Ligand code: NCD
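Below sits a lone chain in C-alpha cells, taken as the form predicted on its own.
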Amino acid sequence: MVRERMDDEKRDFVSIDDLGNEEILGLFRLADAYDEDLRAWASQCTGSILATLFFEPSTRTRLSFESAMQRLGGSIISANDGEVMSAAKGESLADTVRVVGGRYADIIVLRHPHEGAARVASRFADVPVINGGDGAHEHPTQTLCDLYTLWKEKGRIDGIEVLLAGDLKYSRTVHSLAYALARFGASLVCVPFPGLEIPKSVLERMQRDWGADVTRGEFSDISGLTPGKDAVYVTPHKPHQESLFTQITPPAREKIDAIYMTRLQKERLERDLDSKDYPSIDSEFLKETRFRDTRVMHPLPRVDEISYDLDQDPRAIYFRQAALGVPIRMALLAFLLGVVKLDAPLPERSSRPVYRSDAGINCANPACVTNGEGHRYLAPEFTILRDSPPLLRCVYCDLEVSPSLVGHVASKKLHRGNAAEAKRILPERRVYFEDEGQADSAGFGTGATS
C-alpha cells in the first residue's frame, strides 16, 4: 500500500524513514544527473531561500548544503552560533522555526544538540525541515550521502556487507546508516571500541522493523581493528527473530565490501575512556586478500582512526564520500522544494497508535528534547509498539520503554502492564506509569488491581 502525495503536502526529512527505498534510489539517479555538471542547474531554484540553523558546530554538513543551494540558483541565510542566537535569550525552538519559516526562508536545515529537536521543528515550521543532526540520535542526510557513495561504488546496496567500527554508541551517523542498510537488505558487522557498543535499542529496532537477524559472537577473524572481540552481526531476512544476542561463533568473513570507520565522539562521552587503543586503519591492515575490493569510508572529520598513508589508496573513498554530499543534497533540496518529482511511491504511514499524555511516563533519555529545550511546551509522546506487555517508543528520540502499569483515564483503575484488563483499554483511554509511586501521584491509587 502506498500513499499519494497532495500537491500542497509538506515533506520533511527528519529521519531516514521519511523516504521510501524507491524514493532514495530516485534521489541517487537525480544526484547523478546533477553531478555530471554541477554548474548547469543555476536556474532550477532561483528565488528559493535556505535557512541553516546550526546550534552545534558544523563544517561539511553546513557548507555542503549551502553549496548545494547556491548551485541550484537559490540563496542562503544562516544562524550558526547558538550563543548569539535568540535561543540564548530563552526563545523556544518552536518559536524560532515559526519565524524563520514564515517569510524568511522556504526550507530549513537544523542541527541541534537535543535528540528529537528536528521532529519538533518539522511540526512547528510551515516549510520543509531537514535534520542536519540532532544530538546522538540521527543524521539522515549523511546517511543519504553514505548510501549514495556505496551505491555508486558497488552498484547496489542489497546484499553487500559493511563493517561498522569505532564509536558505535554516540555516532549518530552510524545509527542512521545501520537502519538504512537493514532496510535495503545489507549485512552488518558491528565491531565497537569497548564501552562504545551500538545501543541495544538500535539493534532491536532493526530486528523488529526490518526483520533483521541480530546475533553476537567472538570476532577473531579480523585482528588488529579493535582491542575487543565482541561483535554483533546483523543479517537480513532471516525466518526466526528470536536470536537477538544469541552467543554464536560466526564463520570467518571472506569479503567485506566496505569498512565504515568512526571517530571517538568525545563531546558526547558520559565518562572518561582510555582511548589509547582506539582502532585505526592503515595500509598494512588492508593487505589481506579479503580487503582487495573493500572501500574505506568515514563521515569526517577524522582524528587518528585512519592513517594519512591510506589517503592515496584508491580504496580510501572518504574524500569522495564528502564530495558526493553536494549533488545528493542538491537532489534532496530540489525534491523537498517541489521543483522535481520522483517516479516513486510515498512511504506508507505507520498505523501504530500513539500515546500522548501529560500524566504518566516521561522519556527517560536526558538528552531528549522533551527533557530539555521542549519541556515547556511538549507533552511526552510515544508510539505503542506492543500492547502486552507494553512497549513504547519515544516519538522524538526513539528511546524504548516498558511501563509496568496501565491505568484507565476515566475510571482511574490501575492494572499490571501484562494483564488482560490493561490490553482491553482503548489506546486513547490509557495512562502508562513507570511504578506505583508515579501512579499514586497522578491519582490512580497505590497499587495495581490486576
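The numbering used is simple: start at 1 and walk along the sequence shown. Quick caveat: nothing in here was measured; it's all calculated off a predicted structure.
The discussion below concerns the form predicted together with N-carbamoyl-L-aspartate (NCD), not included here.
Indicate whether residue 301 is a 4.5 Å heavy atom neighbour of N-carbamoyl-L-aspartate (NCD) in the predicted bound form.
Yes.
Just to confirm, residue 265 within 4.5 Å of N-carbamoyl-L-aspartate (NCD) in the predicted bound form by heavy atoms?
Yes, residue 265 sits close enough to N-carbamoyl-L-aspartate (NCD) in the predicted bound form that at least one of its heavy atoms falls within 4.5 Å.
Can any non-hydrogen atom of residue 52 be found within 4.5 angstroms of N-carbamoyl-L-aspartate (NCD) in the predicted bound form?
No, residue 52 sits far enough from N-carbamoyl-L-aspartate (NCD) in the predicted bound form that none of its heavy atoms falls within 4.5 Å.
Can you tell me whether residue 173 touches N-carbamoyl-L-aspartate (NCD)? I mean in the predicted bound form, with a 4.5 angstroms heavy atom cut-off.
Contact with N-carbamoyl-L-aspartate (NCD), yes.
Only one of 111, 295, 119, 114 has a non-hydrogen atom within 4.5 angstroms of N-carbamoyl-L-aspartate (NCD) in the predicted bound form; which is it?
After the contact test, the surviving option is 111.
For the chain seen here without its partner, which of 55 to 63, 393 to 401, 38 to 46, 416 to 424 has a heavy atom within 4.5 Å of N-carbamoyl-L-aspartate (NCD) in the predicted bound form?
Heavy atoms within 4.5 Å of N-carbamoyl-L-aspartate (NCD) in the predicted bound form occur in 55 to 63.
What residues, if any, in 105 to 142 have a non-hydrogen atom within 4.5 angstroms of N-carbamoyl-L-aspartate (NCD) in the predicted bound form?
In sequence order, 111, 139, 142 come within 4.5 Å of the partner.
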